[in-house]
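This document opens with one chain alone, in structure tokens, the form predicted on its own.
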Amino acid sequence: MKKNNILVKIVGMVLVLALTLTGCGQKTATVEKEKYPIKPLNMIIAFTAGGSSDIQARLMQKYWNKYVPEQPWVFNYTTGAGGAIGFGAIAKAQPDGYTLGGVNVPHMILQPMAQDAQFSIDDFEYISQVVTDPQVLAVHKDSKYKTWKEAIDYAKANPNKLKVGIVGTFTGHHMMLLDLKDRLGIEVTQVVYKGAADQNAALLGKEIDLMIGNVNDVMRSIENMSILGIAAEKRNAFLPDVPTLKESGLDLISDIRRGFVVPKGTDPEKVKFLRDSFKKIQEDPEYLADMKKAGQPTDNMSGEEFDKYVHAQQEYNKKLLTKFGLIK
């Protein structure tokens, strides 16, 4: 009987020890999970250094360092194909929470649809939208066109005579031009530029009659331009005297949006951490002041809302491209 009692005690002690060790293991795993991030994060920027996307990310980095000071961002410029190379690099990265990147809308919608880009809008977890940059119709300050209607009337009376500048094809600028052609029944000569700096120079040199540009881009040369209308729901703080197209009879909204994403499949807890951190940044008064100084039109949207917006825009863009025979 004594032997049996001793055996029972030994077995009991072994079980207690095993449970204790298991509990310790679980506790250690939980602590490790809570430590994220434990190393620097790779920030992929799909456009060249010094551009609007880079400036925006650098501002975000400044305040990331304030709220998550232990781990910085390491910038990786992965450029080409209007951002498609960089967007694809984000999508294909390890979903470990240590690679994130900036994306532009509608570029990231249009590129898989029309250019066989190696990613889709379903390849990402959406962290936050940070900017809505409305598009405008701009002319040289000495232009004979004093309103957008005057320019459109000329285009209607003189098919393909009005030279309209845009940055890239299958971009926000391109889509706004297609929308104008669709709604107003005009034919123009489309002149495509590689970047906003080239486009601005072309307008100032009077190589084109009219251009579609972003608020952030036209502000660089605003003293030599006249802005005929802004494609937004309401007037813009950077151009308070410029009427919206909607005010003057054309219900057209068009903009470029910037936000941040991580690869699909990233741990939901890490996604939440990033979303919460970006929310803190975007609510910081000093960040908002810096955005204003940089001419960045702040427009915050949660990751969930940003995800819904991108997917909602897909059908609109598909219909427009199909109508003009740019996709089947």
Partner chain sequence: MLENILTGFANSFIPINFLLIIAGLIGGIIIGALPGLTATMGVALMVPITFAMNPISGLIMLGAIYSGAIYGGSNSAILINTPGTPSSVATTFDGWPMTKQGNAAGALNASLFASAFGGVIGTLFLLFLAAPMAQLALKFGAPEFFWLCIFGLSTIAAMVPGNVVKGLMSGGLGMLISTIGLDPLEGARRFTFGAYSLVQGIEVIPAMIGLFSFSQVIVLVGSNNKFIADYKAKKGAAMLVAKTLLKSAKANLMRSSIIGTFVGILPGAGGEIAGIISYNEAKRWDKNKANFGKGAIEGVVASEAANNATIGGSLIPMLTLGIPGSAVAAVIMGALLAHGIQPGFKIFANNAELAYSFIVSLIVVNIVMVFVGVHLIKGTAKVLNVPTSYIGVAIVALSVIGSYTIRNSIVDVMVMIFFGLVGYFGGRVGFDTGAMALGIILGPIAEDNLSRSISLAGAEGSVFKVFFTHPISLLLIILTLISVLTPLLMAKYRAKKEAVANDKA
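Since this is a predicted model, take the numbers as computed values, not measurements. Residue numbers count along the first chain shown, from 1.
The same protein also exists as the form predicted together with the partner chain; that form is not shown, yet it is the one meant from here on.
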- prompt: For Y193, is any heavy atom within 4.5 Å of the partner chain in the model of the complex, or not?
  reply: yes
query: Do S226 and the partner chain come within 4.5 Å of each other in the model of the complex, heavy atoms counted?
result: no
field: Touches the partner chain in the model of the complex: A84 (any heavy atom, 4.5 Å)
entry: yes
Exercise: G50 in contact with the partner chain in the model of the complex, heavy atom 4.5 Å: yes
query: If you check T147, Q71, Q118, N236 against the partner chain in the model of the complex, which one has a heavy atom within 4.5 Å?
result: Q118
- line: The one residue among K246, R183, K156, K161 placing a heavy atom within 4.5 Å of the partner chain in the model of the complex is K161
statement: Answer among 195 to 203, 226 to 234, 249 to 257, 128 to 136 for heavy atoms within 4.5 Å of the partner chain in the model of the complex: the stretch 195 to 203
task: Between 239 to 265 and the partner chain in the model of the complex, list the residues on our side with a heavy atom within 4.5 Å.
output: none
